[in-house]
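Here you get one chain, nothing else, as structure tokens; it is the form predicted on its own.
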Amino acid sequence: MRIAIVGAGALGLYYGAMLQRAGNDVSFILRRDYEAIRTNGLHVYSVDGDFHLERVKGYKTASEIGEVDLVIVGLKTFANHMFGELISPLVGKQTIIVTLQNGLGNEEALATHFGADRIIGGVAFLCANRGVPGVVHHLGEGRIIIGEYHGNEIGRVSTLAGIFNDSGIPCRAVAELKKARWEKLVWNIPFNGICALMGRTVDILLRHQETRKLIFDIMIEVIDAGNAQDVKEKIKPQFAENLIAFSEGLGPYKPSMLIDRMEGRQLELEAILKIPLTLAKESGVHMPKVEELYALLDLSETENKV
């Protein structure tokens, strides 16, 4: 299968490397890592075993790649306005587009450009960071849940899940993607948000009893909002306790939004916080703690632009 990776950060590099190692024809659109990967290949340091891809197809533009069978989108959501430029040259009549981006609203944006029928949504539960150019560190997890954006058939997504699974990436096809998206927000909103706001890693937040309680309270707000979104199967409150227990094993982990803040990049506030807040309000659910977190992060973003 010919695959193009659009958004070659830690997520795109890791999943693309796994797919290439399994024998798929993978091309990456690269920026920072272009020279390093073209010269020395791609190094993956993983909890599941390190490996090195000596030859990697890295390009600066999508037009150099041409049409592919599958486009995997790992872009930061604040770059969604570049969908047309980055993805259009890759799309043929049968091309499928899978977004593994954070937050909400990405499938809708892609459907506007390329049509709903070719869009598949994915939720990636991955702990990974980029190292020096040409290096990605896989710290844990890696499973993916995928589902059709338009309709609830699972035939096509089941086939795609098989390709991921055959590449060593645990993947499950579901008929309803919405619940999985909100389940990831249960983790993303408190940990990404508070870590970025405070400049602290996950372990520090969990050791302090007040921030630990705040994380739990925010998780419950997100669960309530998610359950109000016409999902067939509700998210149980126990899910929050399970996520906190899982997060204790991450150690001094830096969520993506904390890394973005440390490196002076824009934060994914709209997809991870603003859109969920809007949908919660439309569903009659109030999330006061999430509102406060968003307000503080939005202020900090404004001040960083001054």
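Computed from a predicted model, the values in this text were never measured in an experiment. Residue numbers here begin at 1 and follow the sequence given.
One more form of this protein, predicted in complex with a further copy of the same chain, exists but is not displayed; see below.
Among the residues Ala111, Ile220, Leu197, Leu139, the one placing a heavy atom within 4.5 Å of a further copy of the same chain in the predicted complex is Leu197. The three marked residues, Ile204, Met262 and Glu303, each reach a further copy of the same chain in the predicted complex, with a heavy atom inside 4.5 Å. Annotated contact segment (heavy atom within 4.5 Å of a further copy of the same chain in the predicted complex): 210-218, selected among 130-138, 210-218, 143-151, 100-108. Among residues of the shown chain, Ala240 is not one whose heavy atoms approach a further copy of the same chain to within 4.5 Å in the predicted complex. Although the partner is absent here, Leu13 lies well away from a further copy of the same chain in the predicted complex, with no heavy atom inside 4.5 Å.
Not displayed here, a further copy of the same chain is approached by Leu293 to within 4.5 Å at the level of heavy atoms in the predicted complex.
A residue is said to contact a partner when one of its heavy atoms sits within 4.5 Å of a partner heavy atom; His43 fails this definition for a further copy of the same chain in the predicted complex, lying far away.
Residues of 239-262 lying near a further copy of the same chain in the predicted complex, listed in sequence order, are Lys254, Leu258, Met262, the criterion being any heavy atom within 4.5 Å.
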